[in-house]
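The chain below stands alone, shown as structure tokens; this is the form predicted on its own.
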């Protein structure tokens, strides 16, 4: 799951070209360390607050169970950023770089794919809430979702732990790459994990796309029905009364239509670019003879840029907690001692929020 190990799938070729095809440029050693440092400071603050808030919220809905798992994954991902900063900026010792290869990078990708899987589960849950708004939950369903969450963590840990265990070779020089530390079995396992991770992403991409297509269709149908009802009511009532009804309903409809797509937006902004860039990058590493040095460097920089977008997920997820989870928002306001009308003041919605969670029973 550690993508950096792909550098050494053909170690002989790379050792020959290390001096002439160095990646130690300003982008890698300065720009990205600064960006990851900013993410670490902001992400640790926001996700620390999210953990504090969620600790006070009982797991009474599928949605909250999934969000709690995501916030744990985000905290773990955020804690790996300092190690990447030290490694990329060439400030880390040999022992620290070995730790990054064996543990930190593997943990980073583990938490990324845990988040991707729970984004897929949240999309299914939001779709179910939209299509069956009056179907509630019970203790048995909540227990099943907790078992499912445990299965997600257990399955991905089972994939990741061999990556750590099989990265057991000692570095032979100071200019080693993560793949140099892997045994032959470790390199083969790494390739298997890469394929599994691609299946996880593309499978969830299809799931998210289908779910939000169904949500969009239902919201449009609901809007068309409400518009027809308002038009029919306007013919039977005075024009001013009809205008008042329209003025009251329109902001609520707008809030639903925008907030419910936050999950979709974060998924595509954070995860989709990296997985599109990862395909040519992996080819440039496993079939190095087909690419010259400049092209390899371009794909590496593209991969690192989109990887930073994936890391941005740890900073954007609190937006989902705030705008889509009423329990989170209420507890946060109580913790910060803010008045209940703060949400309406922040969003400019006079009638209060009507988020995906609020409009359906959980």
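Positions refer to the first chain, counted from 1. What you see is a predicted model, and the numbers here were worked out from it, not measured in a lab. Take the two forms, find the largest set of C-alpha atoms that superpose within 1.5 Å, and that set is the rigid core.
The same protein also exists as the form predicted together with a small molecule; that form is not shown, yet it is the one meant from here on.
Residues 66, 70 and 129 are none of them found to lie within 4.5 Å of the small molecule in the predicted bound form, as judged by heavy atom distances. This chain is displayed without the small molecule, yet in the predicted bound form the stretch 104-112 from 202-210, 73-81, 147-155, 104-112 comes within 4.5 Å of it by heavy atoms. Under a 4.5 angstroms non-hydrogen atom cutoff, the small molecule in the predicted bound form lacks residue 329 among its neighbouring residues. Residue contact with the small molecule in the predicted bound form: residue 36 places no heavy atom within 4.5 Å of it. Although the partner is absent from this view, residue 163 contacts the small molecule in the predicted bound form, with a non-hydrogen atom inside 4.5 angstroms. Taking the partner from the other structure, the small molecule in the predicted bound form has a heavy atom within 4.5 Å of a heavy atom of residue 197. In terms of contact with the small molecule in the predicted bound form, the residue from 300, 32, 40, 323 that brings a heavy atom within 4.5 Å is 300.
Proximity to the small molecule in the predicted bound form, taken as a non-hydrogen atom within 4.5 angstroms, holds for one residue of 270, 85, 193, 215, which is 193. Once the rigid core is used as the reference frame, the Cα position of residue 300 differs between this form and the one not shown by 2 Å or more.
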